[in-house]
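Take a look at this one chain, the form predicted on its own, written out in structure tokens.
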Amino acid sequence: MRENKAQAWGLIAPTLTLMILIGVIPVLYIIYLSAFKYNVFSRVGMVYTGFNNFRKLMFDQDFLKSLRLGLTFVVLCCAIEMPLGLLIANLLTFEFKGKGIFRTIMTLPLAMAPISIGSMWVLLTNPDIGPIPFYLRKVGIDYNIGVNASQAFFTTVLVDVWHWTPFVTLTLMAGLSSLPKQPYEAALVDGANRWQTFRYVTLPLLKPILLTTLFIRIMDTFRIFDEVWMLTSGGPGTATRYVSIHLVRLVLQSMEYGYSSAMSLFLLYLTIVMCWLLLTFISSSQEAS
């Protein structure tokens, strides 16, 4: 028995060591830094300020604005991606000519790195050589995300929807294929039409998978960085300065590591709270079903 336990600990020891090195120690160091005013180029060095960085965070209008902008981005992206992904997943349950080619093309964005996605959309939206501004000018729309804040914001939403809707579609397709057949047979016997079957059979059965997918997308969208950084770098002005962009710009420009650490911890706390709320909702819905 003791030999088995020793063998088990020996097997998980590398994983535990790795988790401590890349997970626990950095978080502990950030918690430590958040209690100091610390600029690496300052001769003063580290000055202990206690919870002052967190108090400052609550009154930082730039941070609060980026947080509101980031949450708006999350709500918009998820509100588009979830219904669109569900619609495409349902359509792909039917057989039609070219289904395999369509499914392959649809999943291509998932195979691309986020930094490549941003670079590609830089070319697509360039006002001088990009096809999107070229065709929009033909219908009288002057499109330039370098100067128009609304166009820049909605373009970042479009990029995220284009990149991640295939993920939602594939997840829901897997969910649809795993649903039991008996409720559908009972609905057919009762004379339910296609919409009634979808509304009263498919959606309730698919609810845990829908919520889990939404949970993943909220976390991913909230921390979006690469695509937006490549496309707009947070501009024009602060139009696309989501909270992750704001944090990186703060570190690069002001080198305030203590304040930036406090901001990171607050974002981590916010993410954990959102995840906890959604997981609680998922658990309660599973128990109810």
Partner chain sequence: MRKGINVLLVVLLVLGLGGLAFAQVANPEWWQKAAEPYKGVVIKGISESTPPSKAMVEVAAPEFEKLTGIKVQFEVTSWDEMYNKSIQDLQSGAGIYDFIYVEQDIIYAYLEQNWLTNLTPFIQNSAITEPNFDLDDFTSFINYFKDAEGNIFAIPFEAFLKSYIYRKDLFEDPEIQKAFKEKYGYDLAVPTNWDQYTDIAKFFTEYGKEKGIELYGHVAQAKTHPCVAYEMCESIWPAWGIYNWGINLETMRASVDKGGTLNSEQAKKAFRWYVDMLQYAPPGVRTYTWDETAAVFGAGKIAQGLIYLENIGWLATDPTRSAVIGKIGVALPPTAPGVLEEAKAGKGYIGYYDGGALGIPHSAKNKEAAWLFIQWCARKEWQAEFAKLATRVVRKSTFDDPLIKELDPKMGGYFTLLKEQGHLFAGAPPLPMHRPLNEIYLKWISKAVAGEISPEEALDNLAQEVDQLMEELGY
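All of these numbers come straight from a predicted model, not from anything done at the bench. Positions refer to the first chain, counted from 1.
Not on display, but discussed next: the form predicted in complex with the partner chain.
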Quick check for you: of 125 to 133, 87 to 95, 101 to 109, 195 to 203, which stretch puts a non-hydrogen atom within 4.5 Å of the partner chain in the predicted bound form?
125 to 133
4.5 Å heavy atom contact, Leu64 and the partner chain in the predicted bound form:
no
Please tell me whether any heavy atom belonging to Met230 falls inside 4.5 Å of a heavy atom of the partner chain, as the geometry stands in the predicted bound form.
yes
Tell me, yes or no, whether Asn144 is in contact with the partner chain in the predicted bound form, where a contact means a heavy atom of each within 4.5 Å.
yes
Hey, in the predicted bound form, is Phe36 touching the partner chain, heavy atoms inside 4.5 Å?
no
Quick one: which residues from 36 to 52 get a non-hydrogen atom within 4.5 Å of the partner chain in the predicted bound form?
Lys37, Tyr38, Asn39, Val40, Phe41, Ser42, Arg43, Val44
